[in-house]
Structure formats: C-alpha cells, structure tokens
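Let's start with one chain on its own, the form predicted on its own, as structure tokens.
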C-alpha cells in the first residue's frame, strides 16, 4: 500500500474502533542497510535507506483526559494496550507495547506532559525480517507525541530517545542506525552515518535506471538471539588487544601485525569490521558517482565477509546471494548481500530497474528450488523519514 492508502486504512480502522475521526496521522519508515553491517557498535560507518514500508498511527485526544491513559489498538492483530502516562511509564504487556512505552518514558524524562490519547496503528514493515520494524514503531510513537504536544524536537534527539527505549524496554543493545534513518531519512537519498560522531551525510540515489530489491527469506534462526552480544564481546576483545577504543581506529595493516596476539576467531571478527568500514565509505562514493558495478562488488564482498569472517549468515541468505550471482550483471543484478543482524531475515540487491520483474521471478523460483521455502520480494526507492501526515 502507498502511504496515502495506508493513511486511509488506519483512519477507517480508528473510526471503526473509537467512533470518531482522528486528529493526527503520523508515520515512520523501516529501513534496509545497503552496506555497513555490524559496524555501528564499533564506531564505524553505515549506509542505510528508509524504505517504502511504514509504521503508521491515527490518534485523537482521549474523551476523558482525567484518565491519564493512552489506549492503543493494533489494527492488524486486533490487540489492545493501555499505558498510564499520569506517572512514570514502566514496562507492561502486551510485549509489543514496550517499544511504545519506552518512548513515552523517554519524553517524560525530558519533561514532556503527555496527554491521554486514543491511538490506532498498523505496520507494513515485515516483523523479524531485519528491516527495523521496532525502530519504525518507536520513531512513529515519538512523532505522535510531537504532534499531540505541539512540540517538535531535534530529529537526532528523537532517534536517541527511540534507541534508549529499545535498550531499556525491549532489552536489545542496538546501535543508532535504525532509529536515525527512520527519523532523518530523506526521499531519494541514502544516509551515510558516522556512528562515532553521529554526523550524517545525505547520499543522493535518484538514478531511475537502478533500484533496490529486498528479498525476505522468511526464516529467522533462533541461533541469532544470543549471538549479537557474543559478536560485540569479541570485537571489544580485539580492540583491547590492539590497544584502541574501538575497531574504527585500526587499519588492516595494524590488524595483520597483531594477528599472532589473538585467537583466529577474534582476528576474523576484527577483519570483517575493519574491512566493512572501508567498504561502506567506498560504496557511498560509488553511489555518488553512479558507479553501480563497483557498488555491487562491494556488496558481494560484504556478504562474503559476513558469511566467512563474522559467521552471521545462513544457508537461506547464502542461497539468495548465489542466485543473484547466477543471474549476474547481464541479467540485471549488480550486487547482493545479507542485511541486518543475520541468521535469517533479508537480503538486499542492487538491480537494473527495467529488469526487476524478470529478476523477481527467477529469484522466487530458484529460492524455492534451493530451500523449499517461499520468499517475499519487493522493490523500494529511498523513502522519506518520519512525518506528520495530518495535524
């Protein structure tokens, strides 16, 4: 659905559930990371893009403000949640409400009085696909608070409130990329983010001859649940051996000199991160120059490193990349890689726009042959970040 169709749908659901028109409509996008995986918590660079899939909310002031309650209706799963905003917001149920609770708590912390609200929401960002459905929900919640209070805040501060919500209320020690791109994304641009300085640079990607395909493998291996923290610890061990604050400060030559001081496992983890930071910066330059074959090669190299050095790929993600390589440049594929934390989720492919239909057909068929599973594939142009549609 387009953003307009989504707006119409969530408004209809709000009216059906609450019996009146909403006063505000807000949305925030999910994201795909074009390149720069597992570099964010190593103070490196990432290159995400907001996608045309959104968390969207319709809301109005509650009829009885004295209740101090935010009532939330999930239009997809027909679940409800109530949050008491009269005092400091705490964790609660259902589980998905904690992403929103954390953002309410963050705004309270900065001194905002949140009014009692009636809210209906839905999301078209695939759940568990590594496309940041949680960040979209968090940033969308922050944008709703801005609309309802009439007080806009710096989009970077909003992103940081959303990140803190994920840390404290969902227990996920995520980096800053997901919330930043959902908050700061701009149509027709990728966002080169320096995770150390938080400096952002918009990278234009408006060549109509190319597009990005997102391939959802529809698998998420449980192995991934504890592996994220392990990778962080391994990177910290490498940095400690190398005598630096983070792997951002290490060149490939310095790593090679120190190879004998660390285990092979820790060495490979560091080699991925250091190489990936370089690949990300070079890929951004390639995109600025519309040098698509070069960008594609950096994407393939990124996947190989994630598979072989960082050990976060899986057979389904590898199958998608192998199919992309088989289709090749002649068939319209420049490059492909896994995206997100790994162990399932999605791949992203840089393709010729006029070959999308043929590539999609081949990928769907071949993925089913290789894995016995059905993939979901959609294309996206770089989308805008969080927005107040009405109000």
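Everything numeric here is computed off the predicted structure, so don't read it as measured data. Numbering follows the first chain given and starts at 1.
A second form of this protein, the form predicted together with a small molecule, is not displayed here; the remarks below concern that form.
Problem set entry | Contact test, all of 71, 90 and 107, partner the small molecule in the predicted bound form, heavy atom 4.5 Å | The answer is no: none of the three residues contacts the partner (heavy atom, 4.5 Å cut-off).
Exercise. Could you tell me if residue 137 has a non-hydrogen atom within 4.5 Å of the small molecule in the predicted bound form?
Worked result: Because a heavy atom of residue 137 falls inside 4.5 Å of the small molecule in the predicted bound form, the answer is yes.
Exercise. Is there a heavy atom of residue 126 no more than 4.5 Å from a heavy atom of the small molecule in the predicted bound form?
Worked result: Yes - in the predicted bound form, heavy atoms of residue 126 and the small molecule come within 4.5 Å of each other.
Exercise. Is residue 113 a contact residue for the small molecule in the predicted bound form, using a 4.5 Å heavy atom cut-off?
Worked result: Residue-level check for residue 113: no, no contact with the small molecule.
Exercise. So in the predicted bound form, does residue 166 come within 4.5 Å of the small molecule, heavy atom to heavy atom?
Worked result: Judged by the heavy-atom cut-off of 4.5 Å, residue 166 is in contact with the small molecule in the predicted bound form.
Problem set entry | Per-stretch contact check against the small molecule in the predicted bound form, the hit in 304-312, 227-235, 287-295, 93-101 (non-hydrogen atom, 4.5 angstroms) | Going by heavy atoms within 4.5 Å, the stretch is 93-101.
Exercise. Given that the small molecule is left out here, which of 283, 145, 131, 120 has a heavy atom within 4.5 Å of it in the predicted bound form?
Worked result: Selected option: 131.
For this session: Sort through 197, 82, 206, 76 and report the residue having a heavy atom within 4.5 Å of the small molecule in the predicted bound form.
Result: Residue within 4.5 Å of the partner: 76.
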